[in-house]
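As structure tokens, one chain now follows by itself in the form predicted alone.
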């Protein structure tokens, strides 16, 4: 018996199809991760491929970590490396070796969302732009759109780039000039710099193409245009590209995902994984029935060998209170029958829908957790601690300096900092180096400032020999962060600090053979996302369907299934048929989270989204009557209301020539014969026009016929 005996026929076909361009269409719960890890083991154990020549890309650090753990159990000790990583993780590894070509140090800084906001606020103050949360968000969206045009690297970020004072009056140049002071890259830069180097330096391109004999990509339906560009560039020599995905589960098109790229992937071989190991036949029948209404997909029907299981229940309530009460009743029945709280997930389309559910659960004294609060690594105490570590690693990091110079309070006020900024600018140096150089000056010679310099220099000294976790613990004690939290009796924040230290120790253990430096740790930690850090506990999970992607639960409730709420009316009005299809994929993802039982609920009342009475969702109407058990009486006029509302939205969302795709995606680069290069910002209200930002900063709404892609003729 070989390890391949654990696979079904189609999984085995996917694993052993090692050469050429292979596309695996893997339905929900069909064992795609198993196929990926077994294929990696097959390449190493059977074909003898060196793991250093295999690149395996995922979308989250959590998925990459899980895959590495599975691979480690299947291949010989040491026969796997850190080329099992996220797309951005690969870009960091690439840039550590290649960014010197652009005059950047190997110890470049990575900006996370909060760092970018801090820089945006500085720029907006300098440019005289009114600052609110909304305007900061819009400012950063504009920066992202400008960077999508490319060309900015040459113009602003190379050693011979000159940013004049006049140029700094533009949002992009002002933002980048602050980045360059810290040799800092944001997430867009990680990908753009990688592509830039691969395009401009033939020796680097050939080196990486030679090295990466096999490329495997998980969740390929979520790749955007740049992701696909990177994959194709890296695989251009050996042509061994293995992509796994499911267009039916693409729910991030609004964020730039291009499922059509997966659908149109020029493969030498296709393998469809359609045997589901998660759900019962009755749940899968409902999922297949709903998703069959989409056009932009690769047809497949999931099946399972599991027993029939419980009937899918559709509950209709006369009021939202009745809907919530019914959910509580079902929870109680299942808990009394032996189910654990952590067996349940209650899913909804939008976060505001959780309020009534939370109140009901509180009243019933049922433990619950909102899945998707503030990200662990974005909490204040965590950001403060990491900023101390970043300044120890890089004394030119002004972003971290500004964050911690008065954290905890050192009574070095705004005037002190403003004067220091002026001095640093005059000396053309960083804030920390300016403070150190001028500490003897009357305006800066303060005991607290001297203590701060001593603290950072002490950290620099110990960073040479101490473990990262020991250094962090020392900085927490000497900085006063722990003391301040204890004095505030803030147990939650203290627990978070302790958890951070445990996570660092885990990182050190996981990378023991590599002996990671402080700089490498900080680069890796900047890539962590909410899904990568989660405490499991016995509690009912409440979450949006987007947050449920990749998870599974024995019992799933999909709530608020009213037309206009789910599918979301705004999404359909803005993105037309593409929006409707993405909403249906979201429903498909929600359904296929369920293992044992699925409950679909909705109620009568007033719909804030539609400003009219609530009607059952079209997705409920698409399910064949014999596939669900309906509890509650649904008057015929409500179904007529559903049909009328669908008709109204269909009339609005009609796009001539629609065949299940979009002419262009948000974030895609396009060219106009008169206006030049631009980036798609949004799809216009009529479904056939696109809002485009051009290189000169102007935006226009244009019809698709007047735009074309850079690689295609007009």
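Numbering follows the first chain given and starts at 1. Only a predicted model underlies this, so the values are computations on that prediction, with no experimental measurement involved.
What follows is about the form predicted in complex with a small molecule, which we do not show.
Student: For the interface check, one of 673-681, 27-35, 642-650, 51-59 should have non-hydrogen atoms within 4.5 Å of the small molecule in the predicted complex; which one?
Tutor: Answer to the contact question: 27-35.
Student: What is the one choice in 631, 552, 488, 477 with a heavy atom within 4.5 Å of the small molecule in the predicted complex?
Tutor: Checking each option against the small molecule in the predicted complex, the one that comes within 4.5 Å is 552.
Student: Among the candidate residues 205, 300, 577, 278, which is the single one with a non-hydrogen atom no more than 4.5 Å from the small molecule in the predicted complex?
Tutor: Partner contact (heavy atom, 4.5 Å) among the options: 278.
Student: Residue 189 versus the small molecule, in the predicted complex: is there a non-hydrogen atom within 4.5 Å?
Tutor: Judged by the heavy-atom cut-off of 4.5 Å, residue 189 is well away from the small molecule in the predicted complex.
Student: Going by a heavy atom distance of 4.5 Å, is residue 249 a contact of the small molecule in the predicted complex?
Tutor: Close contact exists here: in the predicted complex, residue 249 approaches the small molecule to within 4.5 Å, heavy atoms only.
Student: Determine whether any heavy atom of residue 70 comes within 4.5 Å of a heavy atom of the small molecule in the predicted complex, and answer yes or no.
Tutor: Looking in the predicted complex, residue contacts with the small molecule include residue 70, since a heavy atom lies within 4.5 Å.
Student: At 4.5 Å between heavy atoms, is residue 222 in contact with the small molecule in the predicted complex?
Tutor: Result no; residue 222 lies far from the small molecule in the predicted complex.
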